[in-house]
Every structure is written in C-alpha cells, then in structure tokens.
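Next comes just one chain, in structure tokens: the form predicted on its own.
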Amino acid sequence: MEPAEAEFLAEKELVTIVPNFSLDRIHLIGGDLGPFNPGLPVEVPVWLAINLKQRQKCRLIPPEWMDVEKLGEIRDQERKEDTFTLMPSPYYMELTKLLLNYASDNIPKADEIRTLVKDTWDTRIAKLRLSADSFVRQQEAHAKLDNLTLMEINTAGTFLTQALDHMYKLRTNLQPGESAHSQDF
C-alpha cells in the first residue's frame, strides 16, 4: 500500500467544522451529512472539511488529541515505553499532515504540533527498526504488531518482507542433504 492510499483512508475520518453557510442534509453513499447551519458545529469527513475550508466555507475545529499538551504526553510516553503505545488516532500522522497543510490557521500552535507529531513518529519508527532488526536476527517466524498504525506498518513492511524473503532463500540454499531438483519427475 502506498502512503497516498493510507492518506485516502484517513480522509474518511470525521472532524468537526463550523460552517458559515446553510444547507440541508446531504445524502451520500457513505451516509448523510449535515444539516449545515452557520455557527453550529457539525461532523464531516476530512475530505469534505478540507474542500469546504479551501472554499472558505467553514472553520475547522482540530481533533481533541491535536493539542500541544496531549501530544507532548504521548511523545514522552512513547519514549519511556519499550512497546508501542496506543495512538490517539489510527491515522494520526496522515491527519496531522492534512489538517496542518490545509487548515493551519485554525489550529493553535500548529508548528509545535507538527514538531511533536514528527518527534513521536521518529521515536516509533526507530522502535520499529529495532524490533525488525531483533526479529530478523533471532530468526523469528511471526511478530506481534500491536498499536502500530497503517502508515507505520507500510513504512517497515517493504524492508521487512524483503529481508525475510532473502533469509528464506539463504536458509533453503544452505539446507544439507536436500535435493535442488524438487520439480523433477
């Protein structure tokens, strides 16, 4: 899966906006949205929030977790723990990127938030690399991926599958006494 595909999935997450227009309920395949009334908060998918924000039709309210204090606690806990901690959103990285790119004027302390999320990401990716290295060195057969997000799995997935494939090929070529002619009749 490409990062763009993970971002596409993240765009389905709901965020709160405060519209500056009136519109009755919208009936879409994914469900009904609205009604939209000026000044009254309403939850919409990220893709719609970004579209309305670009057209200056709303103000975006950042998710509850997108707060400097909360993100600082998350970063600190991630640094303390040996295992991966539960993130506030399965798409925390994608949502941060999208919301800060398109609505940073609606997000207090946007630069600090960007830094905290990047620090958390870097810590988690470093843990993931160490885990993958240990996994390969110990020649494990399976791994537990609790609390990893889709983007994090995709980041390490290609490397890890290639490494395991190479290890498998090396092991099968080094097995003594086995015939290399398994396809012969």
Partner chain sequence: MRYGHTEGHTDVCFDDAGSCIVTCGSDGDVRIWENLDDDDPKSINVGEKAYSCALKNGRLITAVSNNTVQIHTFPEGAPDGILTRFTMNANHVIFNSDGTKIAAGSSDFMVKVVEVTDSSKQKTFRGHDAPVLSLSFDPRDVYLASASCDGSVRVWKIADQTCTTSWPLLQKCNDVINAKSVCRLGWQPGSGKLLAIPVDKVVKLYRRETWDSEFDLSDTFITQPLNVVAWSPCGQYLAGGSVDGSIVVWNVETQECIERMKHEKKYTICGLAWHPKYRQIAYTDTEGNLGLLENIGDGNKPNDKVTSTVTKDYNDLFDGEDDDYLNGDMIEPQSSPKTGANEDDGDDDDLMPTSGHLRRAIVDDDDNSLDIGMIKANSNLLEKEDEDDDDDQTGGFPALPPSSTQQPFYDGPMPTPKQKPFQSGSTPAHLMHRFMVWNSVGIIRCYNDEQDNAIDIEFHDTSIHHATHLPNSLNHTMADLSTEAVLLACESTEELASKLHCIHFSSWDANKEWTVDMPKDEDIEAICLGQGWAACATSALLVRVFTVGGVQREIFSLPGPVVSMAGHGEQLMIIYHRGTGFDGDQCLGVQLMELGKKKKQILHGDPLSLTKKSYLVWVGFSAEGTPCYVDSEGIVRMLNRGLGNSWIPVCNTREHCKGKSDHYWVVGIHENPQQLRCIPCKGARFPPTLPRPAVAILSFKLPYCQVTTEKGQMEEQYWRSVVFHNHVDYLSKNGYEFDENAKSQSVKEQQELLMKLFALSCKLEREFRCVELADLMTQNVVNLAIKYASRSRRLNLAQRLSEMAVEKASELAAALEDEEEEEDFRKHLNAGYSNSTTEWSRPPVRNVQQDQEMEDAEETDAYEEVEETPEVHKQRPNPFSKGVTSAEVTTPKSVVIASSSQGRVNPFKVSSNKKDPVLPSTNVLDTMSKYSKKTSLSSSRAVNKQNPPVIKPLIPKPKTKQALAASFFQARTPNSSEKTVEEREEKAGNESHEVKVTAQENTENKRPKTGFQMWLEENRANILTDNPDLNEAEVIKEGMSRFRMLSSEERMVWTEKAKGGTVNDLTENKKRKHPATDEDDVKKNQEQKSEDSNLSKKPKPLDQSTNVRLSAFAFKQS
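Numbering follows the first chain given and starts at 1. A quick note: this is a predicted structure, and the numbers were derived from the prediction, not measured.
Beyond the structure shown, there is the form predicted in complex with its partner chain, which is absent from this document and is the topic of what follows.
Looking at L52, you'd find every heavy atom of it more than 4.5 angstroms from its partner chain in the model of the complex. Its partner chain is not shown here, and in the model of the complex it never comes within 4.5 Å of any heavy atom of G34. Using a 4.5 angstroms threshold between heavy atoms, I61 counts as touching its partner chain in the model of the complex. Although the partner is absent from this view, L40 contacts its partner chain in the model of the complex, with a non-hydrogen atom inside 4.5 angstroms.
Contact annotation for 7-32: residues with any non-hydrogen atom within 4.5 angstroms of its partner chain in the model of the complex are P19, N20, F21, S22, listed in sequence order.
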